[in-house]
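Coming up is one lone chain in structure tokens, specifically the form predicted alone.
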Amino acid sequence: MNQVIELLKNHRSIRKFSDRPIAPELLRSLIEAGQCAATSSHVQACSVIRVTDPGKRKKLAELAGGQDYVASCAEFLVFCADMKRPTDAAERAGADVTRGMTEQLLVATVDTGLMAQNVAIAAESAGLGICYIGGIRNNPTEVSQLLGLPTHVYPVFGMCLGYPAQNPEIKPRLPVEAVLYENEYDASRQQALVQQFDEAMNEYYLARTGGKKDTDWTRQLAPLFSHKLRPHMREFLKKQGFELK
């Protein structure tokens, strides 16, 4: 197994960081590596807000659900899907631009995810730890106001960066057979594979918490598809110019 694959397979979310700062040249290199990710039609529909203001950091930690490491990590980045820059550029070139298309939302969101994952991999290769913060979408209007985001830009997630002050175990993933199909989607074995995975996850949670967390993957999903649904996102996206036409 080569070093890149080994690095990818050893990913962990880090939520405790040392006080060691990240050198400015390293941070710039991470962003440059992120920019080298694949991008749909070279649109490059992602912008990153580096949040250094302590007051804004503290507020973002609150808005993201009380995640204190947002305020304490060495660097906190907010990755934004940005259709303002490319559509403005196309308009300057004389195009009769149409904004707010569903496809534009998808392109910008995918571009953002690809860029962020490049940054994450580059960071881990340099000995840093990272943690994605999807809680940024708990209060997207307030986050957008705090960061001065214009229309046609929305915050997809945040990312904590820093030198790890913990060494958590790697969280198991579904068996490859549950996600890799050949020629067509096959749901016939899913239930059995998920049950097998639930057993592995139950052992993981019990071991990680000293027996205090007795749950599994399936039970962890329940709130995500019942009440943790962020129904406000549709109206927020419309207000930000993503009218989903």
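Computed from a predicted structure; not experimentally measured. Quick note: we count residues from 1 along the sequence shown, nothing fancier.
We do not show the form predicted in complex with another copy of the chain, though everything after this point is about it.
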Requested in this report: Decide whether residue 221 counts as a contact residue for another copy of the chain in the predicted bound form under a heavy atom distance cut-off of 4.5 Å.
Outcome: yes
Query raised in the report: Just to confirm, residue 207 within 4.5 Å of another copy of the chain in the predicted bound form by heavy atoms?
Result: no
Requested in this report: Report yes if any heavy atom of residue 231 sits within 4.5 Å of a heavy atom of another copy of the chain in the predicted bound form; otherwise report no.
Outcome: yes
Query raised in the report: Is residue 64 one of the residues lying within 4.5 Å of another copy of the chain in the predicted bound form, judged by heavy atom distances?
Result: no
Query - Residues within 4.5 Å of another copy of the chain in the predicted bound form, restricted to 49 to 63 and counted by heavy atom - result: 49, 50, 51, 52, 53, 56
